[in-house]
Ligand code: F2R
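We begin with a single chain expressed as structure tokens, specifically the form predicted alone.
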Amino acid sequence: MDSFLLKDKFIGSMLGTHIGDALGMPVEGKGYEAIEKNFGEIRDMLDARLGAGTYTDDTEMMIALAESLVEHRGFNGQDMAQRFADNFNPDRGYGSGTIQALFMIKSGMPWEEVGERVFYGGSFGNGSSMRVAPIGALYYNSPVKLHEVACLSSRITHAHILGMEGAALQAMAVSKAINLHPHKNVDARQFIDDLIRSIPLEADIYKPKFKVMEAILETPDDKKVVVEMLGHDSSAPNSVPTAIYSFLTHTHDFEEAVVYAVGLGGDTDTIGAMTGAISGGFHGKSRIPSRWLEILENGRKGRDYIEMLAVKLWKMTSVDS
């Protein structure tokens, strides 16, 4: 793949996370019927608690994850955990379990122990899936390493096998999208089959979701069916497949994929962020609507900073290859 196209895709995946997050934040928790009734299709950034175009914990944690990967040229558990804690802004809308985990990290608890302490057996929420776009990018051509690092990064806060494998599936979807040419048709069934083959026995709960996904590929406009069969809540099994489906049924256009994902309701910021990461990885920054890019939060760790981190990750793959 052309090096500059790859660079565009790295940037697209990380900015895509920010865009989906920001587009979905104002309607988080609302059902798809309420969104349709009150907003129709959400195609413009609505005002949110920190302003239009601002991000939530989804993007803030992605930034911390990318910072750690860049600093250590790969995974360093203690550093990544500490960056999650250092970047923590309670106004971004963190979940209670993640907040608890971050305070444990700040207290000095080893990163390997935190995730197991938050919930008995670990959390299987989507909080570790929403942030993994940088892992999908950095290891776009190394599926074994990608799976290892995605699971380790999840373990910091979401140590349940379904949480870790949800993060791995999302990272793999990002990497697969990056490897596809943006001007060619996507074989959705092959994409799904590849993901199914990556699911270990202990995370078998994901397989029926992907089988359902294959069965309803031709009915992307039936939100009721999608929500009932795939889900739209904050658990990884009921949101990661939904984000992948949103991409696969709208591969022709970044905007359409993210608008559709947010329109499903529920955990809109995270499903939007995950869809944006995959679709951005496929289309690249150059095919993301400029009106969305221009309105994105751009302070000390905003749009330009995210793009800079993506470029650094891309340079790492160039040096290491």
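The structure presented is a predicted model; accordingly, all values stated were derived computationally and were not measured. For every residue, the number given is its place in the sequence shown, counted from 1.
There is another form of this protein, the form predicted in complex with this ligand, and it is not shown here; the text below is about that form.
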With the partner removed from view, which of 93 to 101, 242 to 250, 182 to 190, 200 to 208 is the stretch that lies within 4.5 Å of this ligand in the model of the complex, judged by heavy atom distances? 93 to 101
When the contact criterion is heavy atoms within 4.5 Å, does Gly136 count as touching this ligand in the model of the complex? no
My question is simply whether Ser175 lines the interface with this ligand in the model of the complex - judged by any non-hydrogen atom within 4.5 Å. no
Please tell me whether any heavy atom belonging to Ser279 falls inside 4.5 Å of a heavy atom of this ligand, as the geometry stands in the model of the complex. no
Is there a heavy atom of Arg155 lying 4.5 Å or less from a heavy atom of this ligand in the model of the complex? no
Can you pick out, from Lys30, Arg49, Arg291, Arg43, the residue that has a heavy atom within 4.5 Å of this ligand in the model of the complex? Arg49
Within 269 to 286, which residues come within 4.5 Å of this ligand in the model of the complex, counting heavy atoms only? Asp269, Thr270
